[in-house]
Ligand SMILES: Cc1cc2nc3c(=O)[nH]c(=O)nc-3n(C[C@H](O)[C@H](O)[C@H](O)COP(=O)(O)OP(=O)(O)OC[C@H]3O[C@@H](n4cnc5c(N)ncnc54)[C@H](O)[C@@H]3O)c2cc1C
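Below you'll find only one chain, the form predicted alone, shown as structure tokens.
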């Protein structure tokens, strides 16, 4: 049976849970809010299907011989683009699958603002998937449902972070010609438990129940996006991402899942058909494609992905570019990020019920540490002279 001895070797994709024919695996939250499989050992028949479904044990990655092509682009529909985190390309691709009579899987908030993967069948429902959501989604039974749709002959577009796409592929254990997968460039996935603490504190501060959460509001532009929370009493919280406490803890790597720091799925050769993300820096190498409304990176890893992209080109402004130009090898979305030195302290404070205001202090090193860092830098400079 599958057994998690090191938490950095489980990405929480739920493939093992869905692969178990006797339903003796449950996905259980740990103290940090992340899901891990728990096996009812007395019911396990040692069929090993859970192990065969695990993308980490089976090291799923894209074939390095596949032809990778890269573009930058955005939707011609300005309203759609402004409602999206970057260029609105995902919605255009998803609409095409729905036009074919297919279904689309992606991450959406429930009524309690927990994030789950769900299936939708109409263009109107795509609004549920728009916008980045910076926490880990629960896959639940989405792999099982996707397989049912695939076996019925329907087109399926499955979107998620790269480890979730890898989990889907190992769960399915065979190729489907009617499946298209899209992963998003990922920094890492923050703790759902921290997210709950964050918005609960904001609800108390603003005196209302959370009604809408937008992590990438473009009112002040794509590059200076803001976090926006809307509450039931018509009050709003808006803060530029660099000043928002949740985003600071996320981007400084204090609250990520342990496996994000050992991620096996950030290699550019990915098991997905298409990778999408923000074209940060486009103003430097292609200013004519930047009007601060959002521009996407588009990377195809397969003929299927390239065919889907070409089928919607009339709805996009698109330009082919060199991969390392639009996504340098040093980018966080191409390599695991290092855990912050105070990560354990943050989760200890979270368990103790401390406020986000207190946690944010962990980002900045103590005076002693700053002095030691200066001394080390001085020593390094003296050695290089």
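Positions refer to the first chain, counted from 1. Keep in mind it's a predicted model, so treat the numbers as computed, not measured.
Another form exists, predicted in complex with the named molecule; not displayed. Remarks below refer to it.
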Hey, in the model of the complex, is residue 189 touching the named molecule, heavy atoms inside 4.5 Å?
yes
Check residue 278 for me: does it contact the named molecule in the model of the complex (non-hydrogen atoms, 4.5 angstroms)?
yes
Does the named molecule come within 4.5 Å of any heavy atom of residue 129 in the model of the complex?
yes
May I ask you to check whether residue 106 falls inside a 4.5 Å heavy atom distance of the named molecule in the model of the complex?
yes
Tell me, please, which stretch of 307 to 315, 199 to 207, 241 to 249, 115 to 123 lies within 4.5 angstroms of the named molecule in the model of the complex when heavy atoms are compared?
115 to 123
So which of 254, 179, 194, 184 gets a non-hydrogen atom within 4.5 Å of the named molecule in the model of the complex?
184
Just one of 134, 231, 155, 71 has a heavy atom within 4.5 Å of the named molecule in the model of the complex. Which one?
134
Within 298 to 325, the residues that have a heavy atom no more than 4.5 Å from the named molecule in the model of the complex:
none
